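Have a look below at one chain only, the form predicted alone, in structure tokens format.
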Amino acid sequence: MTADASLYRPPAPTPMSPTLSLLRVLAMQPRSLLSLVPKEAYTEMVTPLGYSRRGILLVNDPELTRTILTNPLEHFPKNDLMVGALEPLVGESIFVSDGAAWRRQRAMVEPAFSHMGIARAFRWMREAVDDYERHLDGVAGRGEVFSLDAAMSHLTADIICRTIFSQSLQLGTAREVFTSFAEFERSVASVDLYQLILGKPWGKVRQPDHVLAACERIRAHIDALLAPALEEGASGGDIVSDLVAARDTATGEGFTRKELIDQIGVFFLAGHETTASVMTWAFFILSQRPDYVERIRAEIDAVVGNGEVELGHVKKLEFIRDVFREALRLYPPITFIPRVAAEDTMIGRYRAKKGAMIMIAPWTTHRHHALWPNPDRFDPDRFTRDEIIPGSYMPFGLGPRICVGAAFATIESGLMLARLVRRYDFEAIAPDEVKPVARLTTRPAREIMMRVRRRGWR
């Protein structure tokens, strides 16, 4: 931490000119889209990225963003490069589909999420944190160095597994899921400059064999977890049972087994990988800001005392919620929300031809100098100063595709922060080496290694 804590700038690439940004990415391994973003993107509302045959427009303007993401005529469908990259993992699921296919899936999926009451889910969250604290006590007692990325992935995977399947995810399986997700992410993150610069719209995206194998491992784990619900005839009373029972109102048909794996793959991605991403950054930043750790502990003492952290407490932990929101601002799990122009159109004062890439960029919008005071600083108190411009904050997206799990993630993250900050001190091993990259989610370029110590009186 710096001598003046208020000057602490969490890790981020230094913005450069378009030419220098391109040269920087050419020299990087793995390549990351974050380092390709030029400095103009942090000050302009629409920035043409002049690298591409098809044309790329990066959009920060809140009104334009809302227009693009909520367009009822579907002039801006999911970007073909993103769809091609994600298909091996989530198939033709709600995360990548458009039009009638998306509307059918959304209608069948929504009842499962309305069934998942936060109060019921909180019990599973708490049980997962209980088990993880027992594991972390052993790590602390042995003085082990551990991966913060893997730790957050393990805990959030266990929570989402209990929520969907009513059963815990064993440590070995959690580690394999984390490793397979990381392998998949590295491929998605690695910028294919030929495809980006010279590729035609709607070109075929081919993932390497080792990435396809990682996706198959993840899908095989999901299939194994799904099997009991299929055998029991959707009688388990949990999310997966609701999905098995879901029917298309027009045809009366349910999801096929492959479609179920597709949809559950999305839930693992949205409910596990994204939360693991933001929690990795939150705990890293708190390891550098002991002043915020003390404020969190003071709030827990005032709201909870020495007892169990209950759901009602989490809802009252306002500073913890603002720490979570600020971590989401600086490190939005979905770094870019790519769309494609289905026809020639205007984006602000720029013409976008059919097939152009339209990049809605939470990363740059959340750090934009016209939208945020001191945008590169970690400042949870900004959320109490009424300085949020509508449309400038979109970690869960906007419009009809906004994340249905936003409330779930907020409660889950609040519980994790309250329980783990209350009980442990976290120490980053090499904080100056931590750098973010845009993978499938916003992740450290290399795993953040940590030590943890149990607070003596807890």
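Residue numbers run from 1 along the displayed sequence. These figures come from a predicted structure and were not determined experimentally.
The same protein also exists as the form predicted together with protoporphyrin IX containing FE; that form is not shown, yet it is the one meant from here on.
Task: Interface stretch in the model of the complex with protoporphyrin IX containing FE - options 298-306, 284-292, 214-222, 334-342, non-hydrogen atom within 4.5 Å - done: So the stretch in question is 334-342.
Task: Selected contact from 361, 320, 278, 89, since only one has a non-hydrogen atom within 4.5 angstroms of protoporphyrin IX containing FE in the model of the complex - done: Of 361, 320, 278, 89, the residue with a heavy atom within 4.5 Å of protoporphyrin IX containing FE in the model of the complex is 278.
Open item on the list: Give me the residue from 162, 78, 313, 367 that has a heavy atom within 4.5 Å of protoporphyrin IX containing FE in the model of the complex.
Closed with: None of the other options qualify; the answer is 78.
Open item on the list: Each of 68, 350 and 357 having a non-hydrogen atom within 4.5 Å of protoporphyrin IX containing FE in the model of the complex: is that the case here?
Closed with: Result no, not one residue of the spot touches protoporphyrin IX containing FE.
Task: residue 46, heavy atom within 4.5 angstroms of protoporphyrin IX containing FE in the model of the complex - done: It does not: once protoporphyrin IX containing FE is placed as it appears in the model of the complex, residue 46 has no heavy atom within 4.5 Å of it.
- [ ] Tell me, yes or no, whether residue 106 is in contact with protoporphyrin IX containing FE in the model of the complex, where a contact means a heavy atom of each within 4.5 Å.
- [x] Answer yes; at least one heavy atom of residue 106 falls within 4.5 Å of protoporphyrin IX containing FE in the model of the complex.
- [ ] Using a 4.5 Å heavy atom cut-off, state whether residue 401 contacts protoporphyrin IX containing FE in the model of the complex.
- [x] Residue 401: yes, in contact with protoporphyrin IX containing FE in the model of the complex.
Open item on the list: Is residue 274 near protoporphyrin IX containing FE? Define near as a heavy atom within 4.5 Å, in the model of the complex.
Closed with: Although protoporphyrin IX containing FE is absent here, residue 274 would touch it in the model of the complex, with heavy atoms inside 4.5 Å.
Task: Stretch 369-383 - residues with a heavy atom within 4.5 Å of protoporphyrin IX containing FE in the model of the complex - done: Read in sequence order, no residue approaches protoporphyrin IX containing FE (within 4.5 Å, in the model of the complex).
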